[in-house]
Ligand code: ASP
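Let's start with one chain on its own, the form predicted alone, as structure tokens.
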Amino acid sequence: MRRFPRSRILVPAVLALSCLAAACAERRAETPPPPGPAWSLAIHGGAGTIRRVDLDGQQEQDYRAALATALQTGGDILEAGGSSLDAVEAVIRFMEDSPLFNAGRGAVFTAEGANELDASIMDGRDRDAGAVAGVRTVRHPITAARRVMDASPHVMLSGAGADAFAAAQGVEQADPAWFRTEARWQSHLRAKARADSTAAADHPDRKHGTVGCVARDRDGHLAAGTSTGGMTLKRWGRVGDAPIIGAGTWADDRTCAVSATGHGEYFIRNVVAYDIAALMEYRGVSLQAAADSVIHGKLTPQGATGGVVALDRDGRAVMVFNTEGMYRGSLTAGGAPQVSIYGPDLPD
């Protein structure tokens, strides 16, 4: 058998592979991924049993208007060159003041008839974070959370200590009566009357909700924040996922920013917000695939309800939930606020 020198075989093969690689590279260069927006943000106002039959025309209009105003509040900051952290804080402050949402004014009541508020915020540049849990006298818990991040060596403060810290930092205080709304109080009374019923936990009056915002600024930095009044009839200082970094809130410039809403105990056990980022970092999957995997692949089989809004490092928004609806919206540079309420089976 005639034997050819190895070099006579390898050289053409190497040249062929090199040409193929060059051709592939050229094709990739011809079709780069579309650039992300100059800035972007996304928000949620809670997820759950939200059906068209549950909202009359005026209520639906009010929710849509509040979501659009929240988006524009953050958009104005980002358009002017402000930071993602400033946008997140401002958006959530607005939502904390709106009686429509379960955060700040309009928060649900504990079993004892009080309002206990939780919030967290995270900076995607260095993963610095701050949180407060169980505060009762802070008008804007998200601002208290940011002060924990910026002005203390800690990540989370709780209860009376968190209230005292916020007051010492000059964070605006509020009489507990500020948080009470008559509609939420009546829901509390109905839920309390059903407390001994086996259906009480699933009744709409005991629903849980949250507000949250994720943003990417012109410098490419991500931030996330979440704020809530917790769960109706909660006892013993119960804390959900909203103030827990990695469960309800996460931001990392390398991957994504996430704010969650739903049944907090499950979101804590599954470290939902961080899990989404980890799938992107370690498996290299897209934000959409990561969020779908966690919300639908992990939470749904466990019977856990809720959802997330998130942005990837290029500012592309994802909104995933496994409930009948989620108050949500997004806004990008040069665009108009996009607001939705109902699930995909009930178009907005």
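None of the values given here were measured: they were computed from a predicted structure. Start at 1 with the first residue shown and count on from there.
What comes next is about the form predicted together with the ligand, which is not displayed.
Looking at Gly74, Gly230, Gly104, Gly130, which is the one with a non-hydrogen atom within 4.5 Å of the ligand in the model of the complex?
Here the answer is residue option Gly230.
Check each of Arg238, Arg218, Arg136, Arg125 and return the one that places a heavy atom within 4.5 angstroms of the ligand in the model of the complex.
Result of the distance check: Arg238.
Given that the partner is absent here, does Thr261 sit within 4.5 Å of the ligand in the model of the complex, heavy atoms only?
Heavy-atom contact with the ligand at 4.5 Å: present for Thr261.
Wondering, does Thr210 line up within 4.5 Å of the ligand in the model of the complex on heavy atoms?
Thr210 belongs to the contact set for the ligand.
Determine which one of 173-181, 155-163, 81-89, 239-247 lies within 4.5 Å of the ligand in the model of the complex, judging by heavy atom distances; exactly one does.
The contacting stretch here is 239-247.
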